[in-house]
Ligand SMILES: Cc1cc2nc3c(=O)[nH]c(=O)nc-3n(C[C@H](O)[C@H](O)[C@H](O)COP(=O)(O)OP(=O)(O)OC[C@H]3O[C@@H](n4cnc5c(N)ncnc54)[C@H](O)[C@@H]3O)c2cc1C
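Single chain ahead, written as structure tokens, the form predicted alone.
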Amino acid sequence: MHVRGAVHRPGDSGWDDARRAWNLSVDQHPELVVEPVDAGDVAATLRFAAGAGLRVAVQGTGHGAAARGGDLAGALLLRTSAMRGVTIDAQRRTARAEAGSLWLEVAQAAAPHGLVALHGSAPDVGVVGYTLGGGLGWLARRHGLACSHVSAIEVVLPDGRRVRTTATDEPRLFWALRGGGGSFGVVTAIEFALFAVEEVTAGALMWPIERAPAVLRRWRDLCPQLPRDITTVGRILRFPPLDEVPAPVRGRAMVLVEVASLLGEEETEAHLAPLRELGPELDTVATGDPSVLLHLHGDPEGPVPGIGAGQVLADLPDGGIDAITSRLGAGADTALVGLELRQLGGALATPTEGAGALGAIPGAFAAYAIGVPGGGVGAEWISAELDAVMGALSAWSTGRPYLNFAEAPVRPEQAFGRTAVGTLWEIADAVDPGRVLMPSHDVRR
């Protein structure tokens, strides 16, 4: 194999770093790790793998590695993290990001032009993986999923061919890649729309954990009244007792409502009045630069262990809130550090014109819970707690998982529906008949 990028073999001095996922709970053991620097390297790697009888697992950061698991026996791990570069076309309001680019890099490049991307809640998540799985971010209730605003995708097929897909060039493959995941090729670059946003009103309202039942009920009742320019997240969070955590919440359990609004401060305040009537202990909602959205959720900005699970809820009645607070509320002996409920609706309710394999997430909320192993908290306890809380919420599930929140294999017909998954199977079989690719969520499982 002739590549310009690094190749790591078991026993090499950099082996453990090369095979490590961002999610440190996933212990990956591939046969080989290749870090390509361009599309030519990717093509050479895929041809080598096919000839050597190796499957190929593609990874940017490894945030979503848990769905595939660490057992990569017989597989080559292709890491795109060295393929970095972001180009902004301010006139067209578009960005082109190479395969290993992070959302922080896109945001920093777009900001001087007064533009923002449909990024998610963490600055160090990879652009490509996030977008191939749909892309549910702070502005999604206004603009929809990130994958619905992709204009071109450069991809290397499993046989080494390089193609550029658009709505008119390789349109079926273009459709499949936008929300269908990584079953079709190795994406080397992606082009997508940016949006003119000068300021946002964003922050969090926080109460002690004892207020969780009342706060979550009030927030739940408020959600249907909010315009699509406002997105909220209801959340229970146990802050770690670490020095970098702000003193007012350090080591405490809190209930939060996070807010991201494209409206002005006065109009946003009017919509939040029912929540403020509950007297939050802390209130950080303010109008400022859109860059605050990358850090609003407070996601870890570096590799950490985590075990999580999620599902999409059609509704959240009082019984659902009771199920959450009984497991994570005041006095609960839990292995979970938090649970969030991301508000859906708005532009997420129906596919946009020309959408890809995933054009919408019908439902009221996307639920996600997580535990961090260590310090006496074991993986088995976390998994049992996740099963319990997700099982309790399943009565209100839509039955359609959102892949970026799914950390275990799911049946593809559940995620896409029988009609769409049939087309995805056909496309995957056509471009990868030898099943060289080993995606986190395989549409042919």
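In this text, residue numbers run from 1 along the sequence as written. Since the structure is predicted, the reported quantities are computational estimates derived from the model, not experimental observations.
Below, we refer to the form predicted in complex with the ligand, which is not included among the displayed structures.
Against the ligand in the predicted complex, the set 174, 359 and 423 makes no contact: no member has a heavy atom within 4.5 Å. This chain is drawn without the ligand; in the predicted complex, the residue among 255, 147, 97, 187 with a heavy atom within 4.5 Å of it is 187. A heavy atom within 4.5 Å of the ligand in the predicted complex is found for exactly one of 210, 299, 265, 229: 299. Among heavy atoms of residue 439, some come within 4.5 Å of the ligand in the predicted complex. In the predicted complex, none of the heavy atoms of residue 324 sits within 4.5 Å of a heavy atom of the ligand. Mapping the unseen interface onto this chain, residue 63 counts among the residues with a heavy atom inside 4.5 Å of the ligand in the predicted complex. Among heavy atoms of residue 343, none comes within 4.5 Å of the ligand in the predicted complex.
Screening 372-380, 65-73, 32-40, 390-398 for residues having heavy atoms within 4.5 Å of the ligand in the predicted complex returns a single hit, 65-73. Residues of 10-47 that come within 4.5 Å of the ligand in the predicted complex, judged by any heavy atom, reduce to 22 alone.
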